[in-house]
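Shown next as structure tokens: one chain only, the form predicted on its own.
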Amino acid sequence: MDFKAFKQEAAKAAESLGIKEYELYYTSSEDTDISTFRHEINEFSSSVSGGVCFRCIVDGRMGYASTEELSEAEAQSVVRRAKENASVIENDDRQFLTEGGQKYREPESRKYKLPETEELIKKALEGDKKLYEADKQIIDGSAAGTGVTTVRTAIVNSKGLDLSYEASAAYFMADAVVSDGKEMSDAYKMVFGSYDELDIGAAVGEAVEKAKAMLGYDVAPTGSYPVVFAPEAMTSLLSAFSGIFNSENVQKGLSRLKGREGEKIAADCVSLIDDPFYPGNGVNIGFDAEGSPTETKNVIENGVLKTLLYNLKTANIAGVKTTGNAAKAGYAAPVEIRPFTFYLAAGSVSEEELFKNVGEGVYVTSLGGLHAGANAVSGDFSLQSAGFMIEGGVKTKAVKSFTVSGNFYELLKNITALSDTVKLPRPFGITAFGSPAVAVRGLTVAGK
């Protein structure tokens, strides 16, 4: 049974049980992944996953039930179980379903023609060959990978909502491991998009150069001095602390931004944008997990907090309109809040000009230990880092094995400049993070 037939059976079951307010949320994904090792295919996987969640409001309480099986019997079962679950819910928060008939922006199509498995294998082996030929310092452990992914989402409810979306893309990944005979280093690069347009040569070249650049490293000196975060590093930091802009966290006291909308919380040069239609992301979507229309919004604009991210429930509590940021971690998960493409807006100078303006400092290209070293409530962080020294206004020797410490709320205020190019390290997904290079003053570096 397909989802169209399933939703009809669920609607009949809801009517027979006297359920007047309900929603069906459907997701599915198809993934094929191939990787190489020592010039051979060493891993192949193909999977199909997904299911349906039925939500209903009974006596003011929301009941959930879900299933992976699309059948007539399971349609009746999931409706019955959701009604039973609603009867035992103790939460009295007001619950909502989205009204149908609203206007939605039509996203740019991201459904590409996908290659057959034989083509993916050929591309993976071609990438592997290019990787080993790219440099004499490449060693075993280096690998290439290809794959395709397709995601589908549909939402229907008793209020006239009937929405669906599909996106697909291919990817290529190069993981370069290099050695100079004394030490090893590694780096990877992943690109998404149309299979025919994947530039595997450029991906291989970037991965190899990044890995080679970290050979012969030193340890950064201890001190308090300017730090320039590379786009990849700043993206990691933004991802770790994105929850401070989540209105549910704010309302629960898990963020220091309560009552701060309309106030200045960052430097004048800082604008933070959430864009469901960002052209650099392979997933553009016109509705959120509750079926509300999505929109591009400045969360921070020229240093001022313009809005938090809301779903229907938290917007009602705050007395504002939802920002269309309802999300689900999976079809069976409860509704939460997440950004779409969340990124710091570009500045007006190149990375080289950032280095020149900083003069003496450190360029951080990667951050580790984000789960243990970043406190999303207080904003404090102390993270294992790697990168390069900035000396005399230019990037110089590689450095590793040092920590960068500070506070994210204070970091926003201490940003002095941003480079002119935004990068999305992983540009495919309902949620993606991006940033230009970012110069910050007043951070603590602990090294030698």
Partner chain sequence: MITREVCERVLRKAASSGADYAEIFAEHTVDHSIKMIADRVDNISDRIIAGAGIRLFKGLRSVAASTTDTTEQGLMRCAQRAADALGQGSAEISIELKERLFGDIHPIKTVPATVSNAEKIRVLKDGYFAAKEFSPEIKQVTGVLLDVDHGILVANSEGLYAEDRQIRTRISINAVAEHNGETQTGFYGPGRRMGMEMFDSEVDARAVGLKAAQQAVTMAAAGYCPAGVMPVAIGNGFGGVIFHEACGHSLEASSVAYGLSQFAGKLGTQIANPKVTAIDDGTIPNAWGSINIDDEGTPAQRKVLIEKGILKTYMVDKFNGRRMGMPSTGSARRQSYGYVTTSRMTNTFIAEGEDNNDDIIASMEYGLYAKEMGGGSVNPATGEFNFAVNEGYIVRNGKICEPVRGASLVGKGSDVIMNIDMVGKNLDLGTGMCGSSSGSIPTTVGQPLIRVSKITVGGR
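For clarity, every value in this text was computed on a predicted model and none was experimentally measured. Take the two forms, find the largest set of C-alpha atoms that superpose within 1.5 Å, and that set is the rigid core. Positions refer to the first chain, counted from 1.
One more form of this protein exists, namely the form predicted together with the partner chain; it is left out here, but the text below deals with it.
Visitor: Though the partner chain is not shown, can you say which of Glu106, Glu90, Glu133, Glu197 has a heavy atom within 4.5 Å of it in the predicted complex?
Guide: Of Glu106, Glu90, Glu133, Glu197, the residue with a heavy atom within 4.5 Å of the partner chain in the predicted complex is Glu90.
Visitor: Only one of Gly369, Pro293, Gly160, Gly216 has a non-hydrogen atom within 4.5 angstroms of the partner chain in the predicted complex; which is it?
Guide: Of the candidates Gly369, Pro293, Gly160, Gly216, Gly369 is the one lying within 4.5 Å of the partner chain in the predicted complex.
Visitor: Would Gly373 count as touching the partner chain in the predicted complex under a 4.5 Å heavy atom rule?
Guide: Contact with the partner chain, yes.
Visitor: If you check in the predicted complex, is Ser185 within 4.5 Å of the partner chain, heavy atoms only?
Guide: Judged by the heavy-atom cut-off of 4.5 Å, Ser185 is in contact with the partner chain in the predicted complex.
Visitor: Taking heavy atoms only, is Ile41 within 4.5 angstroms of the partner chain in the predicted complex?
Guide: Within the cut-off, so yes.
Visitor: Does Ser382 reach the partner chain in the predicted complex, with heavy atoms at most 4.5 Å apart?
Guide: Contact with the partner chain, yes.
Visitor: Just one of 252 to 260, 97 to 105, 273 to 281, 160 to 168 has residues with a heavy atom within 4.5 Å of the partner chain in the predicted complex, so point it out.
Guide: Heavy atoms within 4.5 Å of the partner chain in the predicted complex occur in 252 to 260.
Visitor: Taking the partner chain in the predicted complex, which residues along 417 to 448 bring a heavy atom to within 4.5 Å of it?
Guide: The stretch touches the partner through Thr444, Ala446, Gly447, Lys448.
Visitor: Is Phe402 one of the residues whose Cα moves 2 Å or more between the shown form and the other one, with the core superposed?
Guide: It does not, since the Phe402 C-alpha is displaced less than 2 Å between the shown form and the other one after the core fit.
Visitor: Core-aligned, is the CA shift for Ser35 between the shown form and the other one 2 angstroms or more?
Guide: Shift of 2 Å or more: no.
Visitor: How about Glu69 - superposed on the rigid core, does its CA move between the shown form and the other one by 2 Å or more?
Guide: The answer is yes, as the C-alpha of Glu69 shifts between the shown form and the other one by 2 Å or more after core alignment.
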